[in-house]
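Form predicted alone, single chain, as structure tokens, below.
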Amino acid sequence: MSQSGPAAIEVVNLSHAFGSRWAVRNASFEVPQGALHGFVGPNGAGKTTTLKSICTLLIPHSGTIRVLGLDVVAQTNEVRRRLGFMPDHFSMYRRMTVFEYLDFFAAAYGIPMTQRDKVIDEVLTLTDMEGRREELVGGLSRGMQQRVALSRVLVSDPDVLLLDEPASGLDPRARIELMEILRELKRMGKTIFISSHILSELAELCDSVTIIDAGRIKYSGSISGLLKRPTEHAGFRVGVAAGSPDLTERISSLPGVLQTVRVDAGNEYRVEMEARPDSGNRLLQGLIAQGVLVSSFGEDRRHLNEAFMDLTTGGVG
């Protein structure tokens, strides 16, 4: 994705401690504008501390954070106008209707009364809550209350959204519907930064991810880069329509092949080759020349859980 202007979020050497316990230590990462970026780590890894530092609720003990080029400490008010924060646990005014709740926050954000109805209608349409406008917040399901909380964040039309465990406690349907709303917000040009401890929940949604463990950044980059195996060689997965006892040896004999391993005693093989631009083509041509009936072929990637476990230990150090 091309990016003009400063990063949506830039964190440089962030550190924050509570007493003698370091919640975050020398954390650095960057989120480009327009990204849908996951922030993942075990419970207690420092996610919420980092999130609160970005949204100006905590002053970092050291390091710098910029949101759209604005320093969160020196330019706090300007930063708050540009971002919206939805915490994991949020208070709801249960005796208000959905409209009254959003109107209250629209007034708090300084939106003129003459514009509030239009703004609220647009937000309710975006979150598919038009039919709930006059219902009491306290009578809504957890999933509907989550949408109201997101609507409240959107009333001020922020450029950057910070969401802490937005799908927590939702049933599968409510999760799917929330994720589709977030995709639509991305299509509108919003930058969305989602904190979660469940990588698989974000894998299909996010285009990039930062993993934190024990207060330290372990990875920051694309999802595809995360799933690549940490090796200098080229790796491929080969599925065959029918195996044979000597197929492992036959594949290993092909030019450039360094190692062949049959996966789970099935008709799938993991092949490691010399890293060359045409490695995949050479392997596939060699298999076809040997008469192997190839049913699937692709780059060998780690499973999400495997990548996460390789990078994390859990807790705060």
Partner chain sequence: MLTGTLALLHRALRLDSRLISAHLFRFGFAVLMYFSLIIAHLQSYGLAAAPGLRLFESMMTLNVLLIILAGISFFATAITEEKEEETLGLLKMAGLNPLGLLLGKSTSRLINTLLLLGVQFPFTLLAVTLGGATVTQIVAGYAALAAFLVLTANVGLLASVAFRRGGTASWVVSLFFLIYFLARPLLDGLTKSQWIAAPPGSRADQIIQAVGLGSVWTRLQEIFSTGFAGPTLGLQFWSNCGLALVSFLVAWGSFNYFTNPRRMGAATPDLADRLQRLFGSKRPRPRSHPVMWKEYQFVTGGSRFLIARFCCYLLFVILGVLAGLFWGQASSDETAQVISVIVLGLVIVEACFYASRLLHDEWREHTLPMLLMLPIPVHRILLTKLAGCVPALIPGLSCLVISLCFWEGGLEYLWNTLFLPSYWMFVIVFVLMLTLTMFFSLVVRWGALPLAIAVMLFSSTFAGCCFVPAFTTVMGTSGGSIVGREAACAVIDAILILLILALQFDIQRRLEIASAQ
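Since this is a predicted model, take the numbers as computed values, not measurements. Positions refer to the first chain, counted from 1.
One more form of this protein, predicted together with the partner chain, exists but is not displayed; see below.
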- Message: So, Leu58 and the partner chain: in the predicted complex, are they within 4.5 Å at any heavy atom pair?
- Response: yes
- Using 4.5 Å between non-hydrogen atoms, is Phe105 touching the partner chain in the predicted complex? yes
- Would you please decide whether His197 lies within 4.5 angstroms of the partner chain in the predicted complex, comparing each non-hydrogen atom pair? no
- Task: With heavy atoms only and a cut-off of 4.5 Å, decide whether Gly138 touches the partner chain in the predicted complex.
- Result: yes
- Query: Given that the partner chain is left out here, which of Arg81, Arg132, Arg216, Lys228 has a heavy atom within 4.5 Å of it in the predicted complex?
  - Reply: Arg81
- Query: Just one of Ile176, Ala241, Val73, Met92 has a heavy atom within 4.5 angstroms of the partner chain in the predicted complex, so which one?
  - Reply: Met92
- Message: Tell me which stretch of 200-208, 220-228, 83-91, 187-195 has a heavy atom within 4.5 angstroms of the partner chain in the predicted complex.
- Response: 83-91
- Item | Residues of stretch 279-297 in contact with the partner chain in the predicted complex (4.5 Å, non-hydrogen atom) | none
